[in-house]
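Form predicted on its own, single chain, as structure tokens, below.
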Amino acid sequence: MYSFKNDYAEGAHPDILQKLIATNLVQHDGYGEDEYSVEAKEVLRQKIQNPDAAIYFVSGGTQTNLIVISSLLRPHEAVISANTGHIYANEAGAIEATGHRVITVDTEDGKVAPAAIENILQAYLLRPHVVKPKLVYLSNSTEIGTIYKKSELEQLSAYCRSKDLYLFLDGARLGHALTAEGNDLTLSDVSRYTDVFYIGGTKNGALLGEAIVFGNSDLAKDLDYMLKQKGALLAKGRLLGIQFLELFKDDLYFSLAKHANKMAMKVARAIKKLGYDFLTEPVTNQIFPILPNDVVEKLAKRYAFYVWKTIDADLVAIRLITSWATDEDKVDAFIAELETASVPIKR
């Protein structure tokens, strides 16, 4: 059984493990004050072309979303998200547990547009009887594999600033978005057009870890308190700093994401050749082919993946995810299995 269920089934890139071993007995200050974390933050500031950015390393994505959102919002304020957004669909009410409502907008492509935000703002004018929308949450790539173009993020940024809204981008799979075919965003663009975003390591070669980046450091004045209070300030912060230092040395981070995308696109091309459709156009390492039930049943005997959505009585959309470590031989074997399983359908 080979898994296409997620992009964190493997451990960590060997360079990270080797660096952890090599530095294992070197003593350093704790809580992110070690030289590796300090250097990694400087490297990231250079990459995003913002020397004044405030950067913090934490262990996971849900933890990141909870801490960032709850630190920026006052008790009566709410966050706007796509209905597919991770904070709404996959975090067990973590944001709501902090006292902040998640207001969703329906979207077919997983993306949020200014018009949808405007509709929300108009629906929440009855002050003080309703919550106040204050933060817009995006994911890039989105939970259904789509990406934001530069013009889209630029428009969202201008709109949010005109409405005094924070713009927060979940970058759990940011590497995959920025290396996707057709992408025109850079890491510095993301920093320029958002108030805060994070660079995901967990899903792109790290053992664990995300880098929170505040382009405007004034917004992060008390984030260290929040990290400590929420249990996110690791005593052995070096473990996170070392990983990001390795990931952004020689752009390993982007090389790993490119490999994951390449493997996914190889599968996508084979699926298209067989005549199948997709829930969303495949561009990143998450693809959502629509397949007949009997084909899915045959594939499930040797491969693990999620059945994402029922299309009708005969068809379902499944989610296939490739990773930085996906073996191309396994991809080829999957394609061969799919072609075999699809023969009766084609006839």
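Everything numeric here is computed off the predicted structure, so don't read it as measured data. In case it trips you up, residue 1 is the first one in the sequence shown, and so on.
One more form of this protein should be noted, the form predicted together with a further copy of the same chain, which is absent from this view; the next part is about it.
Think of it this way: in the predicted complex, a further copy of the same chain has a heavy atom of just one of Lys230, Lys266, Lys272, Lys149 within 4.5 Å, and the residue is Lys230.
Only one of Leu138, Ala94, Leu252, Cys160 comes within 4.5 Å of a further copy of the same chain in the predicted complex through a heavy atom, and that residue is Ala94. Within 4.5 Å of any heavy atom of a further copy of the same chain in the predicted complex lies no heavy atom of Ala313.
Within 4.5 Å of some heavy atom of a further copy of the same chain in the predicted complex lies at least one heavy atom of Ala89. Contact annotation for Ala235: at least one heavy atom lies within 4.5 Å of a further copy of the same chain in the predicted complex. Proximity of Gln63 to a further copy of the same chain in the predicted complex: non-hydrogen atoms within 4.5 Å are present. Residues with any non-hydrogen atom within 4.5 angstroms of a further copy of the same chain in the predicted complex fall in just one of 27-35, 41-49, 290-298, 275-283: 27-35.
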